[in-house]
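We've got the same protein chain twice here, in two forms, each standing alone as structure tokens: structure 1 and structure 2.
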Structure 1
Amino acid sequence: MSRSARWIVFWLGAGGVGTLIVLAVLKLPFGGLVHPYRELSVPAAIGRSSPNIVSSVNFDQRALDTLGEETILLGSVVGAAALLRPSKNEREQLDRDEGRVLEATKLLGYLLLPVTLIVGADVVTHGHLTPGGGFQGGVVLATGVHLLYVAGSYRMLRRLRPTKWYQLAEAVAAGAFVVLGLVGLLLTGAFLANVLPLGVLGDLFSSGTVFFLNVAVGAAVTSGVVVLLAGFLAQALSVREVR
């Protein structure tokens, strides 16, 4: 396909998507008193013991959309990791001298490391109850892991952050989301239907599959971001061209 033909295909697609977005936005009830989506989603979320309405929408009422988003994330990580691999003319080589880290930076980093990990885990596991969820908590957890680099050294980060484990964890988490969906399909006839006990509103183990899907997304996002940052850090700090 020629360059001009690719541009024609792009502009046709972009024009079609843009037109659909404008038409959809024009029909949204901005500023009105009628909110049918809210009136349907809020009672459904409360009825399924999930006071965080956003998580109920993401992992129950529109869980299939979230599976698509997670698949996009997984594909993006795989693509970026493939592009960041050392080429035939490159090898990983760690420098002996990694520079000096200020004592104050070390202290702050080591103090924030456990705090950040605890906050990230809390945001993930309580995502069905309070603001947050797997996506947000996953980013916090992945960021917390890299405080080892800020406060310590790149060598230390590499020793305590085995990338292969995170690659495996991302695949397992994405697979767990699909398996839970298939269980719902087998038991109820609907993919990703809530099949677990809803529990008591406000309890940690409540809201049925919303809790487990939220945790699965948290694990996938954590692992994906760690793998991505590992690739970028390797390119910046250890990958060298071999002549």
Structure 2
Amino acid sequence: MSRSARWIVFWLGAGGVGTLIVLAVLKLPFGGLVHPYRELSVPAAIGRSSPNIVSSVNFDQRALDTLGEETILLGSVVGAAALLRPSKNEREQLDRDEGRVLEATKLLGYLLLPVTLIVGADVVTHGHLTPGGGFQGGVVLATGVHLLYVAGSYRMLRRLRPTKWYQLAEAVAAGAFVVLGLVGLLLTGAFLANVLPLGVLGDLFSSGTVFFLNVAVGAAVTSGVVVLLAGFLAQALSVREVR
């Protein structure tokens, strides 16, 4: 299709979609008092001792949806890792010269590395109590690991971050989610049903399986993001064509 024909199709489509959007939202309420889903999900979350209601929706009330989301995550990590693998005529070569890092950057990186890892672990493990959870904490943990690259060197990052282990952890964590679901199915007859004692509202080990599903997702997201970034970094820094 020529460029001008493409533009005609786009403007026709965009005009139609734009008109439909405006017509659709003209009568939508905004900021009002009526929220039927909230009225149902908030008491359900409090009744199961998870103060963070978004976590309760994700890992208890609609945990099956999170399993689907987790599967998309796993699928795209596997797909991206397969696409980023060095091909037949490519080899991994590490450059001798790795450039220069400012002393201030080094200092800040090494100081922040443990802090970031602890914050990430905290966000994951308190996902059912405070804003946050497995997905957010997982991304913090995975990016924290890469402070090694920012402050140190690519060699150091490669040595201290064995990609194979992260690939294994990704699979194990995604599997743990399904196993917890199957335990619920065996014990109560419903997939991903809560089987553990709910505990006291506000305790670390409360809200039953939410805590464990949260940690499983945290591990899966951490290892998924690490594997993805490892693939992209290798493409940019070390994979070279060999003739």
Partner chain sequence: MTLLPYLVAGWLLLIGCFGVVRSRDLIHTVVCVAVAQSGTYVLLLSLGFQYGASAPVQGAPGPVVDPVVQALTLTDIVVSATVTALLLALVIQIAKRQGTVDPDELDELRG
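Sequence positions of structure 1, starting at 1, serve as the residue numbers. Think of the rigid core as the biggest set of C-alphas that the two forms share within 1.5 Å after superposition. On a predicted model such as this, the values are computed, not experimentally measured, just so you know.
Comparing the two isolated copies of the chain, the first one is the form predicted alone.
The Cα position of Ala236 differs by less than 2 Å between structures 1 and 2 after fitting on the rigid core.
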